[in-house]
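The chain that follows stands alone, in the form predicted alone, written as C-alpha cells.
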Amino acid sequence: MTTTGPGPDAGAGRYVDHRAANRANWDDRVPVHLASRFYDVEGWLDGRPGPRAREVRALGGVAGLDLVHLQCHIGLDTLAWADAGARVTGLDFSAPAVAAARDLARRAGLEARATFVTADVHDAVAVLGAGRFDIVYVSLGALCWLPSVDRWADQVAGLLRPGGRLHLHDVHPLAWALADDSRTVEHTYFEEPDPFVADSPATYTDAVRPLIHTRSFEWNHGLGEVVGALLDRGLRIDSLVEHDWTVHQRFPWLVEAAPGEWTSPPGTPRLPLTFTVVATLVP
C-alpha cells in the first residue's frame, strides 16, 4: 500500500467519489487475480480444498446452514463453504468480481448452493433481508475499505439470526499502521474521518500487468473499535486471537514460515499481522 496521507479536504463526507474509485480499482484487480498464482483458480477447482482448518475449528460443521460472505471478491472462500455443505451467498460491489464468482460456481458444480449478488456492503440488509443467516463470514482485507466500522457492524447484526455467528479474519490495525518498508508506525491506528489515499499500480498478488485505476481510499479501525462496535449491537465475543502471520508478503521483511504463511524473521520481535474474531448474536 503506497499512501499519500489524508486528502486535501477534511471529512469522509467530502470524498464523495471514494466508492467509485475503490470499485474501479477492484474491477481492475479481477482479471489480474484470476490469472495469479496467489489465487491459483485452476488448482482450486482441481483440488477443492474446502474451508481452512482453523476456520472449521472456529465454526464447526456448517452443513445445511445459511452463510453470507461480505466483500466476497471472486468467491473462492465463499465456495469453499458451499463445498462444506452450507448454502452460501456472496456479496461484493464489483460486478466483474461477482461475474467471476458465478462462473467459478458453475465450473465447480455449486450453482445450487451458491448465490452471488452485486451490492455495496452497506446495503447488505436491504438487499438480502434481515435475520436470514446463521453465519456472517468476512475474510482478509475487508474492513480497510470502509469509512465506519459502526455502519459495517449494523449490517452484520442485521443479517444474523438470533444465535447466529460472525467469523472475521482481517488485517491487524497495527500492521495496517506500519510503513510499507519498515516497522515504523506511519499511519493512524484508529478510525479517522479522513481516508488515506493510496495510489499504486500494484496489487497484493503476483501480477502480469499493472492496474489502470490506481487510486483508492482506505481507513484503519482499531481493534477496540471493531470489538466495541460488535458489542454495542448485541454480539457476544466468543474468541479474539491476534496472529503473528498473514497470507502474503505484506512487508519486504516478512519470511514464509509455511506455504502461504508470512511472519517476522526468526530472532526478531513478533508483531500482530492479522486477527480473528468469532462472535455470536445473543438471542
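Heads up: residue numbers just count along the shown sequence, starting at 1. The structure presented is a predicted model; accordingly, all values stated were derived computationally and were not measured.
Although not depicted, the form predicted together with a small molecule is the subject of the following passage.
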| Any idea which of 113-121, 160-168, 207-215, 179-187 reaches within 4.5 Å of the small molecule in the model of the complex, heavy atoms considered? | 113-121
| note | in the model of the complex, the residue from A84, L146, I135, L104 with a non-hydrogen atom within 4.5 Å of the small molecule is L146
| request: Answer yes if any heavy atom of F93 is within 4.5 Å of a heavy atom of the small molecule in the model of the complex; otherwise answer no. | output: yes
| said: Taking any heavy atom pair closer than or equal to 4.5 Å as contact, tell me whether E191 reaches the small molecule in the model of the complex. | reply: no
| said: Test of understanding: in the model of the complex, would Y39 fall inside 4.5 Å of the small molecule by heavy atoms? | reply: yes
| Is there a heavy atom of H73 no more than 4.5 Å from a heavy atom of the small molecule in the model of the complex? | yes
